[in-house]
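The data below hold one chain only, encoded as structure tokens and taken in the form predicted on its own.
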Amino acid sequence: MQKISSVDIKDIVNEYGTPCYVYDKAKFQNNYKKLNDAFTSHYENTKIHFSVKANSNINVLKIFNEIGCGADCSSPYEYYYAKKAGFTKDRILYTGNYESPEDLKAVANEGLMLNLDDITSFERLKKINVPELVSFRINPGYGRGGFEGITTAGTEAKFGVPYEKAFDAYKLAKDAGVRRFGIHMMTGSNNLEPYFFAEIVDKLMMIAGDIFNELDIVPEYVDIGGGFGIPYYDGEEELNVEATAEKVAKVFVENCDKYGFGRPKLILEPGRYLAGNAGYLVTSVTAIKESYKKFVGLDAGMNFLLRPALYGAFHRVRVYGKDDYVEKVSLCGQICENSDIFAKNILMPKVEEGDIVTFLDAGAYGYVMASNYNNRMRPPEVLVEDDNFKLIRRKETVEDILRTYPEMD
């Protein structure tokens, strides 16, 4: 791999060094258009909200705002970033979990669509303000994700109101004076099977129907979360979003008719699908070690791309100017942890110190999960548009860190 869009990777490296994150603006836009077109063609009242936790660079958020996407925020500062990027309140969801009183104070009076994580969330919220509109995140008792660590529902998951308690949650909110309602579910991430999404929508609508009919509620929106996957391996098939949209819309409309819901807004919260394949982590080979196995060391580690160490995720790599995969190596970073390994015994071209190695599909859950572990400064972020590129976040400096120490003022 030598180019991102029409830009030579070496030109970016010459300007900003390595490691650095690079994003392709056109891919952000095309991913949104593909998903939005598929769903709105089958159910017109569909709204997509980009999951800010996937990539919170304000300049990236501006791209999604400009093309008409909404934002899904999971913390007060993500809400702040969304506003800075230009999202209006009517296009912002807030989906927290284990929300503190301070978190709830930041959003309670903002008129946002609130997806609450638990009955106790509403108990804390009503001490601050009883909003006009409330939704609860439902845990249906099962879930599925591309990796075990990104399964977000089921008996072992920390998220959502157990579906057996969902009626009590909505009754509590209605009795407290809430008059408008939504409902939410997010069961797992990076799923590539269209039938899975139809299955979870059917489950959510069955839960909603039982609750809302008994409480005489008609939901304003049904939020089916995200979870739309992307391929991380060569040869892996993409999610068929057209088939997904068709199956989801069919099940959704059938259930709306069955339970008398009319045509509520259908909300999606993709993060990975919109941003994942639009980002790259560009690194350089720092050392090659012949040990009990062959290690190739890079100038980025788990401090800049945590997913492999956190839950065994895999990212494909490409070496600048080399495409002859001839030897097995383990790819690692410079962090003083033995878990700082991107991949074990993978086929790579024969590399040399200084070679440029690029990780693909790093636009979601990449920079946002980076840290200063081992006191290494987080890298710059660069945006590519056609044959031009520009800095959208500079490299962190030690002076940035020292400013957090009161005695250094």
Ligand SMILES: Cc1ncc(COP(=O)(O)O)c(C=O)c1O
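This one's a predicted model, so the numbers in the text were calculated from it and none came from an experiment. So that there is no doubt, residue numbering starts at 1 and follows the sequence shown.
The next section is about a form of this same protein that is not shown, the form predicted in complex with the ligand.
- In summary, among the residues 279, 131, 301, 271, the only one with a non-hydrogen atom within 4.5 Å of the ligand in the model of the complex is 271.
- Screening 135, 283, 190, 244 for any heavy atom within 4.5 Å of the ligand in the model of the complex leaves a single hit, 190.
- Although the partner is absent here, residue 365 lies within 4.5 Å of the ligand in the model of the complex, judged by heavy atoms.
- At the 4.5 Å threshold, heavy atoms of residue 95 reach the ligand in the model of the complex.
- Among heavy atoms of residue 186, some come within 4.5 Å of the ligand in the model of the complex.
- Though the partner is left out of this view, residue 53 does reach within 4.5 Å of the ligand in the model of the complex, counting heavy atoms only.
- With the ligand left out of view, the stretch that reaches within 4.5 Å of it through heavy atoms in the model of the complex is, among 45 to 53, 344 to 352, 377 to 385, 62 to 70, 45 to 53.
- Counting a residue when any of its non-hydrogen atoms is within 4.5 Å of the ligand in the model of the complex, there are no hits in 293 to 325.
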